[in-house]
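Taking the form predicted alone, here's one chain by itself in C-alpha coordinates.
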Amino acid sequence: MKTKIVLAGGSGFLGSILASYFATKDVEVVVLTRNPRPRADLVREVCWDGATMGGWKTELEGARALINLAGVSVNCRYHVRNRLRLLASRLDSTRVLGEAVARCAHPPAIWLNSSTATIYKHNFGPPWDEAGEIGGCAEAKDIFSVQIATEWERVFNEAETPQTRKVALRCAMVLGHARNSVLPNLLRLGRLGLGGNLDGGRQFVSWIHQEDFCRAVEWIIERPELSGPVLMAAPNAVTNAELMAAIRKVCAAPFGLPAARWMLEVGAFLLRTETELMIKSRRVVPGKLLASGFIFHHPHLFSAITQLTKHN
(Lines give C-alpha, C1' and ligand atoms only; values in the text may rest on other atoms or scores of the structure.)
Protein backbone atom coordinates (compact mmCIF):
# COMPACT_ATOMS: atom_id res chain seq x y z
CA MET A 1 0.00 0.00 0.00
CA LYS A 2 1.25 3.48 -0.88
CA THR A 3 2.10 6.00 1.80
CA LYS A 4 -0.55 8.73 1.90
CA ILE A 5 -0.03 12.40 2.71
CA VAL A 6 -2.97 14.78 3.10
CA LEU A 7 -2.45 18.48 2.27
CA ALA A 8 -5.20 20.63 3.74
CA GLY A 9 -5.54 23.95 1.94
CA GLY A 10 -3.02 22.59 -0.51
CA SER A 11 -3.97 24.47 -3.69
CA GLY A 12 -1.65 27.45 -3.12
CA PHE A 13 2.07 27.90 -3.75
CA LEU A 14 3.36 25.77 -0.86
CA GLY A 15 0.74 23.08 -1.38
CA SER A 16 1.56 22.86 -5.08
CA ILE A 17 5.29 22.40 -4.57
CA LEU A 18 4.76 19.84 -1.80
CA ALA A 19 2.22 17.90 -3.88
CA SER A 20 4.63 17.73 -6.81
CA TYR A 21 7.55 16.81 -4.56
CA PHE A 22 5.82 13.90 -2.85
CA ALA A 23 4.06 12.68 -6.01
CA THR A 24 7.45 12.11 -7.64
CA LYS A 25 8.32 9.83 -4.71
CA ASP A 26 5.38 7.51 -5.41
CA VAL A 27 3.41 8.88 -2.45
CA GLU A 28 -0.38 9.13 -2.61
CA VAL A 29 -1.13 12.85 -2.23
CA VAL A 30 -4.62 14.06 -1.32
CA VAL A 31 -5.30 17.80 -1.46
CA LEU A 32 -8.21 19.20 0.56
CA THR A 33 -9.45 22.26 -1.31
CA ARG A 34 -12.59 24.37 -1.72
CA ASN A 35 -12.53 23.90 -5.48
CA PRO A 36 -11.40 20.38 -6.38
CA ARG A 37 -10.60 19.63 -9.99
CA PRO A 38 -9.50 16.56 -11.95
CA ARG A 39 -5.74 16.38 -12.39
CA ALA A 40 -3.47 14.68 -14.88
CA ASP A 41 -0.83 13.88 -12.26
CA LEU A 42 -1.05 11.41 -9.38
CA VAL A 43 -2.52 13.97 -6.97
CA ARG A 44 -6.17 13.65 -5.95
CA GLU A 45 -8.24 16.68 -4.87
CA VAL A 46 -11.10 16.40 -2.35
CA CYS A 47 -13.62 19.08 -1.38
CA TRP A 48 -13.61 20.76 2.02
CA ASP A 49 -14.61 24.20 3.27
CA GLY A 50 -11.84 24.64 5.83
CA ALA A 51 -14.27 25.03 8.71
CA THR A 52 -16.75 22.16 9.07
CA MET A 53 -16.57 18.37 9.28
CA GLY A 54 -17.37 16.46 6.11
CA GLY A 55 -16.62 13.43 4.01
CA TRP A 56 -13.02 14.60 3.68
CA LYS A 57 -12.38 13.27 7.21
CA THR A 58 -12.07 9.70 5.87
CA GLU A 59 -8.95 10.74 3.94
CA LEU A 60 -7.08 11.13 7.24
CA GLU A 61 -7.53 7.47 8.21
CA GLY A 62 -4.19 5.71 8.00
CA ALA A 63 -2.39 8.72 6.49
CA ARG A 64 1.35 8.97 7.10
CA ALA A 65 1.08 12.73 7.53
CA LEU A 66 -1.39 15.60 7.60
CA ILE A 67 0.00 18.96 6.50
CA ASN A 68 -2.23 21.98 7.05
CA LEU A 69 -1.44 24.98 4.84
CA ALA A 70 -4.85 26.66 4.98
CA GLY A 71 -5.11 30.41 5.49
CA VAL A 72 -6.04 33.56 3.57
CA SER A 73 -2.96 35.34 2.17
CA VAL A 74 -1.43 38.03 4.40
CA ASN A 75 -0.77 40.11 1.27
CA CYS A 76 -3.73 42.43 1.90
CA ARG A 77 -4.74 45.52 3.88
CA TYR A 78 -5.40 44.77 7.55
CA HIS A 79 -8.79 46.44 7.85
CA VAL A 80 -11.45 44.88 10.10
CA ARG A 81 -12.99 42.58 7.49
CA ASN A 82 -9.63 41.21 6.35
CA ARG A 83 -8.43 40.77 9.93
CA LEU A 84 -11.44 38.59 10.65
CA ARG A 85 -10.85 36.57 7.47
CA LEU A 86 -7.15 36.12 8.18
CA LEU A 87 -7.78 34.92 11.71
CA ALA A 88 -10.82 32.73 10.98
CA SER A 89 -9.24 30.95 8.00
CA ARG A 90 -6.35 29.79 10.18
CA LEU A 91 -8.15 29.05 13.43
CA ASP A 92 -11.22 27.36 11.92
CA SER A 93 -9.21 25.03 9.69
CA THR A 94 -6.83 24.07 12.50
CA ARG A 95 -9.70 23.48 14.93
CA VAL A 96 -11.73 21.25 12.58
CA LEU A 97 -8.65 19.25 11.59
CA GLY A 98 -7.92 18.65 15.27
CA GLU A 99 -11.47 17.36 15.74
CA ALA A 100 -11.14 15.12 12.67
CA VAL A 101 -7.81 13.66 13.79
CA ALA A 102 -9.25 12.97 17.26
CA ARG A 103 -12.11 10.96 15.68
CA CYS A 104 -9.86 8.78 13.52
CA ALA A 105 -9.54 5.09 14.33
CA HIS A 106 -6.10 5.22 12.71
CA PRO A 107 -5.02 8.88 12.87
CA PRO A 108 -2.09 10.35 10.94
CA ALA A 109 1.28 9.62 12.53
CA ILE A 110 2.21 13.31 12.32
CA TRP A 111 0.36 16.60 11.85
CA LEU A 112 2.38 19.53 10.52
CA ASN A 113 0.54 22.84 10.83
CA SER A 114 1.60 26.07 9.17
CA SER A 115 2.82 28.91 11.32
CA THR A 116 5.19 31.79 10.63
CA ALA A 117 8.63 33.08 11.59
CA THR A 118 6.90 36.46 11.99
CA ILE A 119 5.95 35.25 15.49
CA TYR A 120 9.41 36.35 16.69
CA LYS A 121 10.20 39.91 17.73
CA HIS A 122 11.54 42.53 15.33
CA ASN A 123 15.25 41.74 15.66
CA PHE A 124 18.48 43.44 14.54
CA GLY A 125 20.69 41.45 16.92
CA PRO A 126 21.96 37.85 16.81
CA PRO A 127 19.60 35.36 15.11
CA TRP A 128 17.03 33.52 17.19
CA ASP A 129 16.31 29.81 17.01
CA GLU A 130 13.01 28.22 18.08
CA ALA A 131 13.49 29.50 21.66
CA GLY A 132 13.70 33.14 20.52
CA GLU A 133 11.57 35.94 21.97
CA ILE A 134 7.99 36.11 20.72
CA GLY A 135 6.08 39.39 20.43
CA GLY A 136 5.12 42.33 18.27
CA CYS A 137 6.18 45.96 18.31
CA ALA A 138 4.76 49.19 16.94
CA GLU A 139 7.93 50.04 15.00
CA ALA A 140 7.56 46.93 12.82
CA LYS A 141 3.76 47.31 12.60
CA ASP A 142 3.49 43.58 13.29
CA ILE A 143 1.32 43.40 16.42
CA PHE A 144 -1.67 41.96 14.56
CA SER A 145 0.48 39.41 12.68
CA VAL A 146 2.02 38.16 15.91
CA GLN A 147 -1.46 37.91 17.44
CA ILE A 148 -2.56 35.72 14.51
CA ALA A 149 0.51 33.49 14.86
CA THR A 150 0.15 32.99 18.62
CA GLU A 151 -3.57 32.25 18.38
CA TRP A 152 -2.95 29.89 15.47
CA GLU A 153 -0.40 27.90 17.47
CA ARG A 154 -2.58 27.98 20.59
CA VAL A 155 -5.47 26.28 18.77
CA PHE A 156 -3.04 23.78 17.25
CA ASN A 157 -1.43 22.95 20.60
CA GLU A 158 -4.79 22.59 22.35
CA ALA A 159 -6.03 19.95 19.88
CA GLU A 160 -6.20 16.63 21.72
CA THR A 161 -4.43 14.18 19.41
CA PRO A 162 -2.41 11.88 21.70
CA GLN A 163 -1.53 9.39 18.93
CA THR A 164 -0.33 12.07 16.52
CA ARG A 165 2.98 13.92 16.74
CA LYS A 166 2.52 17.65 16.11
CA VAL A 167 4.89 20.15 14.52
CA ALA A 168 4.27 23.88 13.99
CA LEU A 169 6.09 24.97 10.83
CA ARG A 170 7.38 28.48 11.57
CA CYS A 171 8.06 29.39 7.95
CA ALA A 172 10.25 32.16 6.64
CA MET A 173 9.80 33.57 3.13
CA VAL A 174 9.84 30.66 0.65
CA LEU A 175 11.59 31.48 -2.62
CA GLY A 176 10.17 29.72 -5.67
CA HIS A 177 9.00 30.01 -9.28
CA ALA A 178 5.25 30.33 -8.80
CA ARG A 179 3.40 33.52 -9.67
CA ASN A 180 2.03 33.86 -6.14
CA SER A 181 5.45 33.48 -4.50
CA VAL A 182 7.51 36.54 -3.66
CA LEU A 183 10.54 35.98 -5.93
CA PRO A 184 8.91 36.88 -9.29
CA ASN A 185 7.73 40.17 -7.78
CA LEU A 186 11.23 40.98 -6.50
CA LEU A 187 12.72 40.19 -9.90
CA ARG A 188 10.15 42.43 -11.56
CA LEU A 189 11.18 45.31 -9.29
CA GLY A 190 14.83 44.69 -10.14
CA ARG A 191 14.21 44.75 -13.90
CA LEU A 192 12.22 47.97 -13.58
CA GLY A 193 15.07 49.71 -11.78
CA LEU A 194 13.18 49.70 -8.47
CA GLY A 195 15.38 47.16 -6.70
CA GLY A 196 16.99 49.50 -4.20
CA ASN A 197 17.08 49.31 -0.41
CA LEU A 198 13.71 49.48 1.35
CA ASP A 199 13.45 51.69 4.44
CA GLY A 200 17.24 51.91 4.75
CA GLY A 201 17.87 48.22 4.06
CA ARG A 202 19.15 47.21 7.51
CA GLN A 203 16.20 44.95 8.40
CA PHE A 204 16.93 41.22 8.20
CA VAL A 205 15.17 38.86 5.82
CA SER A 206 14.90 35.15 6.61
CA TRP A 207 14.19 32.92 3.62
CA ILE A 208 14.29 29.34 2.33
CA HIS A 209 14.57 27.82 -1.17
CA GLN A 210 11.46 25.87 -2.23
CA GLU A 211 13.48 22.66 -2.65
CA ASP A 212 14.86 22.87 0.88
CA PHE A 213 11.37 23.64 2.19
CA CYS A 214 10.03 20.41 0.68
CA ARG A 215 13.06 18.41 1.79
CA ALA A 216 12.74 19.78 5.33
CA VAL A 217 9.05 18.77 5.50
CA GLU A 218 9.98 15.24 4.44
CA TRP A 219 12.86 15.22 6.96
CA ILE A 220 10.53 16.20 9.81
CA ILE A 221 8.00 13.52 8.85
CA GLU A 222 10.70 10.86 8.97
CA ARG A 223 12.22 11.89 12.32
CA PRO A 224 10.04 11.16 15.35
CA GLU A 225 12.32 13.15 17.64
CA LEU A 226 11.22 16.41 16.00
CA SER A 227 8.09 17.98 17.48
CA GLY A 228 6.75 21.34 18.60
CA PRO A 229 7.79 24.50 16.72
CA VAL A 230 10.35 24.04 13.93
CA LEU A 231 11.82 26.99 12.03
CA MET A 232 11.72 26.57 8.27
CA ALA A 233 14.46 28.95 7.17
CA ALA A 234 17.89 28.79 5.57
CA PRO A 235 20.73 29.18 8.10
CA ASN A 236 21.92 32.48 6.61
CA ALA A 237 19.51 35.40 6.92
CA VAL A 238 20.46 38.53 4.97
CA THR A 239 19.71 42.22 5.27
CA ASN A 240 17.22 43.82 2.92
CA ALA A 241 20.19 45.64 1.34
CA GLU A 242 21.87 42.30 0.62
CA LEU A 243 18.64 40.83 -0.72
CA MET A 244 18.06 43.70 -3.12
CA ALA A 245 21.72 43.69 -4.21
CA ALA A 246 21.35 40.00 -5.09
CA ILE A 247 18.16 40.75 -7.04
CA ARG A 248 19.89 43.54 -8.99
CA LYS A 249 22.85 41.27 -9.76
CA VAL A 250 20.66 38.42 -11.02
CA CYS A 251 18.68 40.90 -13.16
CA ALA A 252 21.87 42.62 -14.40
CA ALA A 253 20.25 45.89 -13.30
CA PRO A 254 22.79 48.77 -13.22
CA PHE A 255 20.90 50.57 -10.45
CA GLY A 256 17.93 50.29 -8.12
CA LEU A 257 16.01 53.23 -6.73
CA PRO A 258 15.74 53.08 -2.91
CA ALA A 259 12.41 53.60 -1.14
CA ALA A 260 11.99 55.50 2.13
CA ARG A 261 9.33 54.40 4.59
CA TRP A 262 6.84 57.07 3.50
CA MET A 263 7.19 55.83 -0.07
CA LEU A 264 6.55 52.27 1.10
CA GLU A 265 3.43 53.43 2.93
CA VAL A 266 2.07 55.02 -0.25
CA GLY A 267 3.01 52.01 -2.36
CA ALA A 268 1.49 49.56 0.11
CA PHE A 269 -1.77 51.52 0.12
CA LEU A 270 -1.93 51.53 -3.68
CA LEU A 271 -1.08 47.81 -3.89
CA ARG A 272 -3.55 46.98 -1.10
CA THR A 273 -0.94 45.42 1.17
CA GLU A 274 0.91 46.30 4.41
CA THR A 275 4.40 47.74 4.97
CA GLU A 276 5.07 45.22 7.74
CA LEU A 277 5.89 42.66 5.05
CA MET A 278 8.82 44.88 3.99
CA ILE A 279 10.02 46.65 7.15
CA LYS A 280 9.97 43.97 9.86
CA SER A 281 13.39 42.52 10.68
CA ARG A 282 13.10 38.74 10.76
CA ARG A 283 16.39 37.13 11.76
CA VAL A 284 16.07 33.46 12.65
CA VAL A 285 18.16 30.30 12.39
CA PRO A 286 16.71 26.76 12.03
CA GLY A 287 18.06 25.36 15.28
CA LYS A 288 16.13 22.10 15.36
CA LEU A 289 16.74 21.22 11.72
CA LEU A 290 20.48 21.84 12.01
CA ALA A 291 20.75 19.96 15.32
CA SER A 292 18.98 16.95 13.77
CA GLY A 293 21.51 16.79 10.92
CA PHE A 294 19.52 18.37 8.09
CA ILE A 295 21.81 19.67 5.33
CA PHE A 296 20.57 22.56 3.20
CA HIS A 297 21.15 22.30 -0.54
CA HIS A 298 20.75 26.07 -0.85
CA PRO A 299 22.15 27.77 2.28
CA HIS A 300 23.20 31.05 0.60
CA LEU A 301 20.83 33.58 -0.93
CA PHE A 302 22.56 34.60 -4.16
CA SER A 303 23.23 31.04 -5.30
CA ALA A 304 19.66 30.09 -4.36
CA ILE A 305 18.17 32.90 -6.47
CA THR A 306 20.55 32.15 -9.32
CA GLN A 307 19.50 28.49 -9.32
CA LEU A 308 15.80 29.38 -9.30
CA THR A 309 16.08 31.90 -12.13
CA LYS A 310 18.27 29.59 -14.20
CA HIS A 311 15.69 26.81 -14.06
CA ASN A 312 12.61 28.97 -14.55
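The model shown is predicted, which means the values in this text are computed figures rather than measured ones. Start at 1 with the first residue shown and count on from there.
One more form of this protein, predicted in complex with a small molecule, exists but is not displayed; see below.
Colleague: At 4.5 angstroms, heavy atoms only, are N123, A140 and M263 all close to the small molecule in the model of the complex?
Modeller: The answer is no; none of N123, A140 and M263 reaches the small molecule.
Colleague: Since only the chain is shown here, I'm wondering whether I134 would be in contact with the small molecule in the model of the complex (any heavy atom pair within 4.5 Å).
Modeller: Answer no; every heavy atom of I134 is more than 4.5 Å from the small molecule in the model of the complex.
Colleague: With heavy atoms only and a cut-off of 4.5 Å, decide whether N197 touches the small molecule in the model of the complex.
Modeller: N197 lies outside the contact set for the small molecule.
Colleague: So, in the model of the complex, is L69 in contact with the small molecule at a 4.5 angstroms heavy atom limit?
Modeller: Although the small molecule is absent here, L69 would touch it in the model of the complex, with heavy atoms inside 4.5 Å.
Colleague: Within 4.5 Å, heavy atoms only: does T52 come near the small molecule in the model of the complex?
Modeller: No, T52 is distant from the partner.
Colleague: Only one of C104, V174, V96, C214 gets a heavy atom within 4.5 Å of the small molecule in the model of the complex. Which one?
Modeller: Comparing distances to the small molecule in the model of the complex, the residue within 4.5 Å is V174.
Colleague: So which of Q203, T116, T161, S145 reaches within 4.5 angstroms of the small molecule in the model of the complex, heavy atom to heavy atom?
Modeller: Selected residue: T116.
Colleague: Counting only non-hydrogen atoms, which stretch in 86-94, 123-131, 186-194, 234-242 is within 4.5 Å of the small molecule in the model of the complex?
Modeller: Answer to the contact question: 86-94.
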